[in-house]
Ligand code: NAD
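One chain is shown next in structure tokens, namely the form predicted on its own.
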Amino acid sequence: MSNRTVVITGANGEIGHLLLETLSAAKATIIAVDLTPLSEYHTSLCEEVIVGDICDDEVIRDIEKYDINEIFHLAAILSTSGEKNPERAHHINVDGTMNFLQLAYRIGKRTGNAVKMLFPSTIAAYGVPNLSIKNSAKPAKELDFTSPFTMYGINKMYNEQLGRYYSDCYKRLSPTKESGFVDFRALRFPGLISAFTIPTGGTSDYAPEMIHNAAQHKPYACFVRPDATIPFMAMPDAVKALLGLAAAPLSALTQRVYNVTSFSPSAANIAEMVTSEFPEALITFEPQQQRQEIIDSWPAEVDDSQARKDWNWHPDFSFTATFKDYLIPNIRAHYAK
């Protein structure tokens, strides 16, 4: 019987749903937070569901009555939406994260136990200066190319530093030496591909959009060049990585922020994979300048060797397995209904 009490923000997303199901099976007490109500099934897995904004003080007060062990802070405004409304993106992504870091600190201080805060960062935190450098660069380590180009990436980079500050620096120099109440851990995720969530126009959504359109017998104009290349990962591996990092002993960790990755195909590679399964699919390439520039600013590959060394990270899904065993069968079945 687990005695973990866990908060999941952004609980109504697919990562949130998978975490709810996994942590509930492990008998954790779960407090879920989202702007929209959860389904009856997912609500049944929770001790409490709080419907509200992560920047709302009342939401924070509702959570603070619990002795929290872990926070999975998933709620965010993503890259494409962030470029359309950067002020709101900054408010939600930065102020919302600050709310939960402060919450973790207060609960940790009250209980005398550090509160783990698991934070999904992103390859958008990178800013490769130009395509020539991208094409010649080695897989990016965590400290490479740290000048992101988008509001979303800037927010994530800043939040990584906030988490480090609250974990390792906050009040370290004060007379009371009140430190050690927050244990912040972040993953720099690549593009995440889901078999069960309909793409909503995200910057890396060209991969699942190809499959969804092919399964519906619709032509698809890909918004990046055929040679566009970034790292990707299947959604189940993203949840595996979060839970793996959460479970790692602090003594094994050598840094607060870790890359994780699985495979790095070009858009042309993805199109070839899709047309091998859907021979009648019509995929063309019509790059959109703004989205292409964002993709070009992200590394083609990242180096996740430190995660593999420190907490034994490894993905379960290769490029072929992601498409042939996970994505295509499930998306095909969805439209067959």
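Note that the coordinates shown come from a computational prediction; the quantities given were computed from them, not determined experimentally. Residue numbers here begin at 1 and follow the sequence given.
Another form, the form predicted in complex with this ligand, is not on view; read the next lines as being about it.
Only one of the listed residues (Leu243, Leu78, Ala114, Met98) places a non-hydrogen atom within 4.5 angstroms of this ligand in the model of the complex, and that residue is Leu78.
Note on contacts: among Tyr126, Tyr166, Tyr220, Phe189, the single residue with a heavy atom within 4.5 Å of this ligand in the model of the complex is Phe189. For the marked spot (Gly108, Glu160 and Arg185), a heavy atom within 4.5 Å of this ligand in the model of the complex is absent from each of the three residues.
Contact check for Ser204: a heavy atom falls within 4.5 Å of this ligand in the model of the complex. Contact between Tyr258 and this ligand in the model of the complex is not found at the 4.5 Å heavy atom cutoff. In the model of the complex, none of the heavy atoms of Phe181 sits within 4.5 Å of a heavy atom of this ligand. Among heavy atoms of Gln289, none comes within 4.5 Å of this ligand in the model of the complex.
Contact with this ligand in the model of the complex, judged as any non-hydrogen atom within 4.5 angstroms, is confined among 212-220, 246-254, 150-158, 129-137 to 150-158. For the stretch 38-61, the set of residues having any non-hydrogen atom within 4.5 angstroms of this ligand in the model of the complex comprises Gly52, Asp53, Ile54, in sequence order.
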